[in-house]
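Single chain ahead, by itself, as structure tokens, in the form predicted alone.
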């Protein structure tokens, strides 16, 4: 059973998403909140499988700041940002704060469950617009040395697989290793590259000449 924590300030949309999750046999809604003021404590207490986070929220803590605070103690739980526009700079900020992916609100009805399953298997739902924004923004971090991050051969192979859109299960099957081993390698990659998401790691890898 996949457990979900939801943050969305629009009551009607929040209730709609809650109903979608409640009516599904594969998901359980742990909590649904109109703001992210207590997000840190809620994530620690409820330990969700995935977090749905609205970008624009009132109360002094928006989705980007909440994501940044959660990532300070939790690098693993996927966080899908909910947004109205896919070319908004806020989406880019969310990616660098540690968001796993994003989902346009207008596509929630038909793509919510696919997006959740995507992040749970190592994917990163992201539009071409946002991907281009991330790549462009990473130019200022350009490096020429291929071994800048001191990645091992296997870590480079896995980073290349991530860049090609492979999920954890696919990588495990390709290199005949366990999914837990894949997770360990990816955690090491993130630490060495000082990133918080798959998309950011791929962007840095390309700029450094690894990919």
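Residue numbers count along the first chain shown, from 1. For the two forms, the rigid core is made up of the largest set of C-alpha atoms that agree within 1.5 Å on superposition. Fair warning: this is a prediction, and the values are worked out from it, not measured in the lab.
Here the subject shifts to the form predicted together with the DNA, a form of this protein not shown in this document.
*Asks:* For the DNA, considered in the model of the complex: do all three of 111, 129 and 133 come within 4.5 Å of it, counting heavy atoms only?
*Replies:* Looking in the model of the complex, the three residues 111, 129 and 133 all stay beyond 4.5 Å of the DNA (heavy atoms).
*Asks:* Quick one: does residue 154 come within 4.5 Å of the DNA in the model of the complex, counting heavy atoms only?
*Replies:* Yes, residue 154 is a contact residue.
*Asks:* Residue-level contact is defined here as any heavy atom of the residue lying within 4.5 Å of the DNA in the model of the complex; does residue 174 satisfy this criterion?
*Replies:* No, residue 174 is distant from the partner.
*Asks:* Verify the contact flag for residue 183: yes if a non-hydrogen atom of it lies within 4.5 Å of a non-hydrogen atom of the DNA in the model of the complex, no if not.
*Replies:* The answer is yes: residue 183 has a heavy atom within 4.5 Å of the DNA.
*Asks:* Indicate whether the DNA has at least one heavy atom within 4.5 Å of a heavy atom of residue 11 in the model of the complex.
*Replies:* Taking the distances in the model of the complex, the answer for residue 11 is no, it never comes within 4.5 Å of the DNA.
*Asks:* Tell me which stretch of 26-34, 62-70, 166-174, 42-50 has a heavy atom within 4.5 angstroms of the DNA in the model of the complex.
*Replies:* That would be 166-174.
*Asks:* Though the partner is not shown here, which residues of 103-127 have a heavy atom within 4.5 Å of the DNA in the model of the complex?
*Replies:* Not one residue comes within 4.5 Å of the partner.
*Asks:* Does residue 184 move appreciably between this form and the one not shown, meaning a CA displacement of 2 Å or more on the superposed rigid core?
*Replies:* Comparing forms between this form and the one not shown, the residue 184 CA shifts at least 2 Å.
*Asks:* For residue 70, is the CA shift between this form and the one not shown at least 2 Å following rigid-core superposition?
*Replies:* It does not, since the residue 70 C-alpha is displaced less than 2 Å between this form and the one not shown after the core fit.
*Asks:* Superposing on the rigid core, does the Cα of residue 19 end up 2 Å or more away between this form and the one not shown?
*Replies:* No, its C-alpha moves less than 2 Å.
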